[in-house]
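Before any questions on binding or motion, here is one chain by itself as structure tokens, the form predicted on its own.
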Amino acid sequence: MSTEPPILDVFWQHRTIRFFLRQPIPPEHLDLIIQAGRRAPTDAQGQMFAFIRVTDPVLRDRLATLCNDQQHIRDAAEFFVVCLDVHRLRLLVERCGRAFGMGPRISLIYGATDATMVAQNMVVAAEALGYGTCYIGAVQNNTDVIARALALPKGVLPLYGLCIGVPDPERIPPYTRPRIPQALTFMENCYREPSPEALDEAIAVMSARGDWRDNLVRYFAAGGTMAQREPVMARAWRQQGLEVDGSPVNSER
């Protein structure tokens, strides 16, 4: 008999779902998912996040097109654009009669952290209820355009999207994806530089169902997806008032 709490099964069975039935999530379940997100930890109680739930089908279609034309954004019952938000925090501080003091670097770190903890709580809650989820990093392909489409003020920056919905039972991935060896990511007392042998082992482990080298090159090598997103993010940071210049974030439009 297993001594593991049943909730841990959610983590062991996690799969990214990209094929959804066009079925709604009952309002009571959606509320549970959102409330789970709202209970996530937040630094200094700042709650530096904003989630834009996209229910307008025309807007949803446009965002899907901007996100590399990903059909699952259109099909999922729910789609959120996950944003860091220091605009609201600035208004609250000013409401207390003080000048806002957070610079762009701290805003980016803490806003992204707060938003991600909320999103992951929502993912765990949704999967515990039997739904499928998929993060959408391709929001970063057109971050500045998406920010304008959602009328985001300065101090609010789209980070990624989140699909939640009813999985197509015939298209659920039959296996969970591997992870690189634990010793490369969890260390004790100091950073341990990986040896060439350890790197080769990681590539071998991750290539159990295909050559992971292709993925590394496509996303992370010079000229890859992440390099292409860099100028987009630079434009978005300037547009949303988060340029790293050392001065406090200005939320004026």
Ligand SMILES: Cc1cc2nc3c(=O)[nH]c(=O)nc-3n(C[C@H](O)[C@H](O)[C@H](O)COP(=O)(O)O)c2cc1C
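Computed from a predicted structure; not experimentally measured. Start at 1 and count along the sequence shown; that's the residue number.
Although not depicted, the form predicted together with this ligand is the subject of the following passage.
Student: So in the predicted bound form, does any heavy atom of residue 90 sit within 4.5 Å of this ligand?
Tutor: It does not: once this ligand is placed as it appears in the predicted bound form, residue 90 has no heavy atom within 4.5 Å of it.
Student: If you check in the predicted bound form, is residue 103 within 4.5 Å of this ligand, heavy atoms only?
Tutor: Because no heavy atom of residue 103 falls inside 4.5 Å of this ligand in the predicted bound form, the answer is no.
Student: How about residue 72 - does it come within 4.5 Å of this ligand in the predicted bound form, if we only consider non-hydrogen atoms?
Tutor: Yes - in the predicted bound form, heavy atoms of residue 72 and this ligand come within 4.5 Å of each other.
Student: Should residue 81 be counted as a contact of this ligand in the predicted bound form, where contact means heavy atoms within 4.5 Å?
Tutor: Flag for residue 81 set to no.
Student: With this ligand left out of view, which of 134, 108, 147, 119 would have a heavy atom within 4.5 Å of it in the predicted bound form?
Tutor: Contact with this ligand in the predicted bound form is made by 134 alone.
Student: So if I measure heavy atom distances to this ligand in the predicted bound form, which of the stretches 95-103, 150-158, 175-183, 81-89 falls within 4.5 Å?
Tutor: Result for this chain: 175-183.
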